[in-house]
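Given as structure tokens, the chain that follows is alone and in the form predicted alone.
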Amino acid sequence: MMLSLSGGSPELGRLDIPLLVVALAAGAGVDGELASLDTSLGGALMRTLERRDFRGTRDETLHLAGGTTGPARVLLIGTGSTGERAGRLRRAGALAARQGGRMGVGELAMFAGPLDIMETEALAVGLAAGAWDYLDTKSALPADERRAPLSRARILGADDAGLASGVAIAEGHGLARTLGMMPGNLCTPEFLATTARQIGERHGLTVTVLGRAEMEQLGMGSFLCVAQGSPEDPKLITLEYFGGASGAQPIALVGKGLCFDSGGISIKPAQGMEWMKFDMCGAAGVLGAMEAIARLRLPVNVVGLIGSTTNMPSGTAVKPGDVVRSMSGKFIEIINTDAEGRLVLADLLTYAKQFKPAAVIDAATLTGACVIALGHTATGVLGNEAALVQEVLRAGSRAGEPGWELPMWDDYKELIKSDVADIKNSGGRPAGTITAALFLKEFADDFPWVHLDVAGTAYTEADLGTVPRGPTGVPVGTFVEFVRGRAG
């Protein structure tokens, strides 16, 4: 269920609401509308700040009981004092919605002082992210144990344009997170194709879906070798959004869509393998971004490309030592069948050439090495054009999805040289994220290209406070911000 977001007048003292959330920076005082709220609380807000029971540090929270009039409950959330305000409000909004959901209030209002367009948008995105939940495969709790889900939120003093754009982006985030959280037996390649068709129907996008037979005709031996061990029909999904001038070069967003990755013959350890349902988060990011871009009606042409399959061990699965021919004509030696995402993306990047893209950005949960290098905080960013890499990094920063550039020096190419083919799909553990990107670069030589390794940021195995265990929505925000930057 998507959170219903609306604006409202910031008359805090007379607000009839189950929960009022007030975002306060470090050192904030009681003035303006907060003074009327303090009156309804019998001076409790002023006393709390004077006693320094609440200091406004990042993620700090404090509950106050409401007075005889006004809001029934007040939740103070600290936003700290450093960093861009929009980002701090996005985080505070997520914390507010999660707390409101735990309390079972059903509805809340949030006040953060004066808001501009981007601050309103960020707060809306944060609130929607905090309210998101996946309940499709859970039985309902007994009636006496249920709490009302958070279904409505008002942003007091919201900018109308910022609220509208925030809702659009939140819809994209929600779609991506739902797809990511779905079990692999439900979120199949065919389901991703159906989702793409639904996006196309809602917003007038052109959607094309190719299966195994069509990809065989195109000579996609790299993509298809990953799919040959699975009875699931692989899907190459294309969504075309025509928001810009007719004939203008599009931006291409490319996503890895491994609905489950067992590792194939190079099978993964059993412990934690269930998390490999998230190996399609790059594809989910593309679908979520296309949903948001279409809702925002951005004046730019965008193509979304998704390669989806499952990587399974079987008697027909590709084997270490096999050599396959990619759509580009280059021969690839398979060293490790668990280095499968780059094999799918190789043919997608070749396929993207037909659209004559102005820029291509791919996203994939590609390497465990990226998690070791950057943890769960930053996305690995690599590309073949320095200016484009910086543009993508700025987009990620605006979206609250920070990235970090890794080098692509020619010296690393030695690690993926093959004795029997043009290139091999794995250079081993050293510089694993870099060699994976260098592999992709071999198929992205005709256009400006950036690769996002979201292995550490697309989902989390621990509760992050603002996001529970599971999908984070990355890289939807980066994609949307990049396209919006080009549209402006």
Ligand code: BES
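Numbering starts at 1 and runs along the sequence shown. What you see is a predicted model, and the numbers here were worked out from it, not measured in a lab.
Below, we turn to the form predicted together with the ligand, even though it does not appear here.
Q: Is it the case that residue 119, even though its partner is missing from this view, gets within 4.5 Å of the ligand in the model of the complex, heavy atoms only?
A: No, residue 119 sits far enough from the ligand in the model of the complex that none of its heavy atoms falls within 4.5 Å.
Q: Is there any non-hydrogen atom of residue 336 lying within 4.5 Å of the ligand in the model of the complex?
A: It does: once the ligand is placed as it appears in the model of the complex, residue 336 has a heavy atom within 4.5 Å of it.
Q: In the model of the complex, does residue 268 have a heavy atom within 4.5 Å of the ligand?
A: Contact with the ligand, yes.
Q: Check residue 342 for me: does it contact the ligand in the model of the complex (non-hydrogen atoms, 4.5 angstroms)?
A: So residue 342 counts as contacting the ligand.
Q: Among 172 to 180, 358 to 366, 144 to 152, 408 to 416, which stretch has residues with heavy atoms no more than 4.5 Å from the ligand in the model of the complex?
A: Going through the listed ranges, the match is 358 to 366.
Q: In the model of the complex, does each residue in the set 199, 291 and 293 place a non-hydrogen atom within 4.5 angstroms of the ligand?
A: No, none of 199, 291 and 293 comes within 4.5 Å of the ligand in the model of the complex.
Q: In the model of the complex, which of the listed residues (75, 317, 276, 205) lies with a heavy atom within 4.5 Å of the ligand?
A: It is 276.
Q: Looking at 455, 450, 45, 440, which has any heavy atom no more than 4.5 Å from the ligand in the model of the complex?
A: Checking each option against the ligand in the model of the complex, the one that comes within 4.5 Å is 455.
Q: Counting only heavy atoms, which residues in 252 to 267 are within 4.5 Å of the ligand in the model of the complex?
A: Residues within 4.5 Å: 256, 261.
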